[in-house]
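In structure tokens, one chain follows: the form predicted alone.
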Amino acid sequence: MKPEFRTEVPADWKGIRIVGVPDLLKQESSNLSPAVREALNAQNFTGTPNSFLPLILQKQDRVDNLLLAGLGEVPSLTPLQSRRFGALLADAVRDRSAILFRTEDVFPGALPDEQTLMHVLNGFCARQYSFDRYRSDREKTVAQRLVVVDARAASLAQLWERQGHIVDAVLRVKDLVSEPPNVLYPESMADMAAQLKNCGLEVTVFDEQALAELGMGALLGVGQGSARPPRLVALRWTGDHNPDNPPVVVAGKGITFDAGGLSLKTRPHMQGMKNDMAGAAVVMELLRCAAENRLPLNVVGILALAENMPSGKALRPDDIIRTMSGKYVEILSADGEGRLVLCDALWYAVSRLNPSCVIDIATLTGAMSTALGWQKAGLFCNDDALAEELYRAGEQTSERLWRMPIDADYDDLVPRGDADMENATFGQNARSIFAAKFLEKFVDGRPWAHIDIAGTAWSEKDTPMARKGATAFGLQLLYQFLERRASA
């Protein structure tokens, strides 16, 4: 849904109108009409934050259909509060087809700045998402029209051109992560990525032969147990005035279904493993956003795509594989596949692309969700300045990060068996850090960050920002990071 921005209320308006109510127990508001005040007193509605009250007022010449929204006493909304407010509004009007958002009604007496309004609308539009394309009896329950009335309509519409691309990308990530694995698999996802040439991206798809020529034994090894072969996709956006300036490289784990390989997952842990490609989905749509918004920065996205399935051809525990870097890895667990596909992707980035920095995003370790839950993703980084940039972007977009240790105290986590390193540990200590330390061995000392979204990519229940299901976590924070890099 694309908001309409106007300076006046449409003459024929018949939908619901949102009216903000400050906390009446702590402050007075002269902006409320006597009729609304009377209704508030009758319903004992005080305007506490995140409270809502539908109200129909019969007037002489018309009927006013209102939704009263509690604002509390917050003098200025943070980005997180703004997005949550927008998401809660979307819930409150979910069964309404047309909504009027007149800024001076919603925020009486203190108009928010334009960027705050963007956050509110972002939360509103993102919250309306539902994945129902395979339900034959689905009903349309989301708003079809949102009219924003504000004297700054022209500049707001211009801002939304950029923000709307990001919101649309969030919804597409949710679609990708929600798709069943018989629809979305390495080849089909690579085909989708190839269509982004139409946005101005340079797209290169590496099939099995090309992967073998590159020496990507880790990515090929993960995919060899599946009837659906692996792919590596490189998406390049050249937005800098100097095309030779080093790009930011972002790599995404794209395991379109993770059965655990021969280290087979149990049934409860296998269900939902279609979302193990959430990192690659974020990267794909991130690059689309960079192209659509003509971001003045060179960016390369890498999608490491494979299915991790059991078969007579699958990787076995005790196998030793050769990675693109030339390092050998002994397989202790075929279910430690994400770090394998990413190690080849990272080495491709540092050895072929001369990056200014490398970031990978992945649903990598269940231990990360145990540590941080759905509220924050784990950030591992070998560069303090890069870590601070990403942390700030997460705070600004409500996709929050928590930095985890990766210093020299943990260097002995990755053991040597019969090869240069082993791909898993069966101890209970620091398993997410182990995975990050494994990846660090393939970045050749370049500025690098690893974002583990195992706990944030999918939610088993409704959260303040999203409904149960795919969250698209990471897209907005990474775009914010790129945008700040571009303006630096």
Ligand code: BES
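From 1 onward, residues are counted along the sequence shown. Not measured: the values here are computed from a predicted model.
As for the form predicted together with the ligand, it is not shown, yet the points below apply to it.
Shown alone, this chain has one stretch from 329-337, 96-104, 155-163, 238-246 that lies within 4.5 Å of the ligand in the model of the complex by heavy atoms: 329-337. Contact annotation: of the candidates 273, 264, 199, 88, the single residue with a non-hydrogen atom within 4.5 angstroms of the ligand in the model of the complex is 273. This chain lacks the partner; the member of 454, 433, 443, 69 within 4.5 angstroms of the ligand in the model of the complex by a non-hydrogen atom is 454. Heavy atoms of residue 366 reach within 4.5 Å of the ligand in the model of the complex, making it an interface residue. In the model of the complex, the ligand stays beyond 4.5 Å of every heavy atom belonging to residue 231.
The closest heavy atom approach of residue 424 to the ligand in the model of the complex falls within 4.5 Å. Using a 4.5 angstroms threshold between heavy atoms, residue 179 stays clear of the ligand in the model of the complex. Taking a 4.5 Å heavy atom cutoff to the ligand in the model of the complex, the contacting residues in 248-270 are 253, 258, 265.
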